[in-house]
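The chain below stands alone and is given in C-alpha cells; this is the form predicted on its own.
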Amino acid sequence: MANNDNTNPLPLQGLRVANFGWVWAGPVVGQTLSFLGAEVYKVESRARIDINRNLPPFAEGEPGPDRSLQNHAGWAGNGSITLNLKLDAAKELAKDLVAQCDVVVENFGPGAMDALGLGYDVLSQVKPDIVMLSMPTAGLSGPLKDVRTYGMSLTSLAGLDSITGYVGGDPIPVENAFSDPYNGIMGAFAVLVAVTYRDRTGRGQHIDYSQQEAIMQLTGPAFMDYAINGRTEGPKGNRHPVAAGAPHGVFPCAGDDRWISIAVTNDEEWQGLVAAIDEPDWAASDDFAAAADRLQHVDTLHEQLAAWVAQFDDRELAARLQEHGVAAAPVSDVSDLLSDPQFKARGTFIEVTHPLGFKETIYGAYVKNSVSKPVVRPGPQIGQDNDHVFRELLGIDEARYRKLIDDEVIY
C-alpha cells in the first residue's frame, strides 16, 4: 500500500513489505515503515480473524472486525490482503508476493513460518536478498524459545514487573501490552539496519529479534544497581530507581484526580524548587540541606511537598517549576493528550475518515522528516488490497482470480 501523495518521496519509497505479523507488535513494524514511505501489505485471513480486529471500542458502537478503532490506530499504514495459509495454493501465492518484496515481517513463535513452508530457508530461495524479521518472545534459540506470552506477560518475563509497584509492596504488573508497540518500533529499526546492509552488499539476512531482550533494556537502572552494588530491590514506587535524587515522585494537585511529577537530582534543582514554592520554613530544615539528607528523609520530604502541591493546578504549577529549572510535568490522562497544544501542533493525533464512512481519531506519524510528509491512513479493511496485489502486482488473470476467491484460497 503506497503511502505518499507528495512531490518529494519519503525515505523508504519503493520498499515493499509482506507483513505476516499479527496482533500489535508485528503490525507496528509495518506502521513505522509505512510512515517512512514503505508499501506494506498485512497478510491475514477471514479463516482466522486476527484478535486485534475484535478489540473494542468499535465505530458507532457496532462490533465487527473492520470497525475496531483500536485496530485502526494500531495498524495504521498497513494494507491488507487475505490468504488462507492452511491451503497449499495460498502458500504459493504468499511466495509469489515475497518474490516482489524487499522485507518479510513475522512475530509468530519459532517454527511457525517453517511449518507453513514459509521459513527463511524457503523464502531466501524465492528472493535471495530478502530481509526477514522474526520477532518471537525470546528469540529463535535457547531454552525459552518456545515460550508463549502476550505483551503483559512479556514484561514479567523480562523482569520489568518485579520493580513495578508501591514501595515495599508486592509487584504490580503493568496493566497494558506496552511492550507490543515498543517492540514494533524497535523491530522496524532492525529492518532499516538490515536493508541498509542489503543495499550496500546485495545480501539479505534473517533477523533474530528477541522481544524479551529488547524489553529488558527498560530494567537498565535496576540491572546496573545489581551489577555494581549487588542489590536486588523490589518495587520503589516513583522514587528514583537508583536513589540518585529526591524529591522524586508524583504528587496530587488541586482538582479531581490531578497529579504532577517532580524530579530533583541535584542541589541546583533543589534550590530552584525551594524558590518556586516561596521558600517555606520546612524546606530550610537540616534534614533537606544536601542530596544525601533528602534521600535519607525522603518520606518526610514527600509528605511536606505533597501538602504544598495539593493547593495548585497541575499545569500551572508545572509551568512555574519549569521556569525555576525543575523537571516537572502534569500527569496527563487520555483526554489531556487529545487536547494538548503540543500534540495538536505536531499532529500527534489526527482525524481521518475510514473507507466505511465513519470518522475516527488515530495516531499521526511519530516519525517526521524535513523533506516530505507522510500520508497516514487508518488500519485496513480485511483484503482491501486484494485486487491490486493479485491482479496488478502478481498479474493473475480475472478467471483465475475469481476461482481463487471461490475456492477460499484468497479468503
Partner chain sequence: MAERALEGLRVVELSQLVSGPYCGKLFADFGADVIKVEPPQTGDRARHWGPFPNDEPHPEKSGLFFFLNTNKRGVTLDIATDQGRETLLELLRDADLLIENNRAQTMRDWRLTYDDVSAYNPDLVMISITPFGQTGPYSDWNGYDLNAYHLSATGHRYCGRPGEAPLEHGAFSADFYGANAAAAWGMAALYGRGVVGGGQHLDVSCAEVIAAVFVGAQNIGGYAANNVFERRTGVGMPLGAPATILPCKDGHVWMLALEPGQWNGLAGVMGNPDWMQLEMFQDMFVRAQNADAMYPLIQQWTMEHTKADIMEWCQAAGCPSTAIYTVAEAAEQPHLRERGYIVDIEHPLLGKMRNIGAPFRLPACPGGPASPPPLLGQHNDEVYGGLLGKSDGEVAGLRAAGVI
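Values in this document were obtained by computation on a predicted structure and should not be read as measured data. Numbering follows the first chain given and starts at 1.
Another form, the form predicted in complex with the partner chain, is not on view; read the next lines as being about it.
Think of it this way: in the predicted complex, the partner chain has a heavy atom of just one of S285, Q296, Q100, S156 within 4.5 Å, and the residue is S156. Though the partner chain is absent from this view, in the predicted complex it lies within 4.5 Å of a heavy atom of just one residue from A290, A115, A307, M224, which is M224. By the criterion of a heavy atom within 4.5 Å, A90 is excluded from the residues contacting the partner chain in the predicted complex. Although the partner is absent here, F390 is not a contact residue: none of its heavy atoms lies within 4.5 angstroms of the partner chain in the predicted complex.
When the partner chain is considered in the predicted complex, T353 lies well away from it, no heavy atom lying within 4.5 Å.
In the predicted complex, T82 stays away from the partner chain, with no heavy atom inside 4.5 Å. Contact with the partner chain in the predicted complex, judged as any non-hydrogen atom within 4.5 angstroms, is confined among 229 to 237, 274 to 282, 122 to 130, 90 to 98 to 229 to 237.
Although the partner chain is not shown here, in the predicted complex the stretch 371 to 408 places heavy atoms of V371, S372, P374 within 4.5 Å of it, in sequence order.
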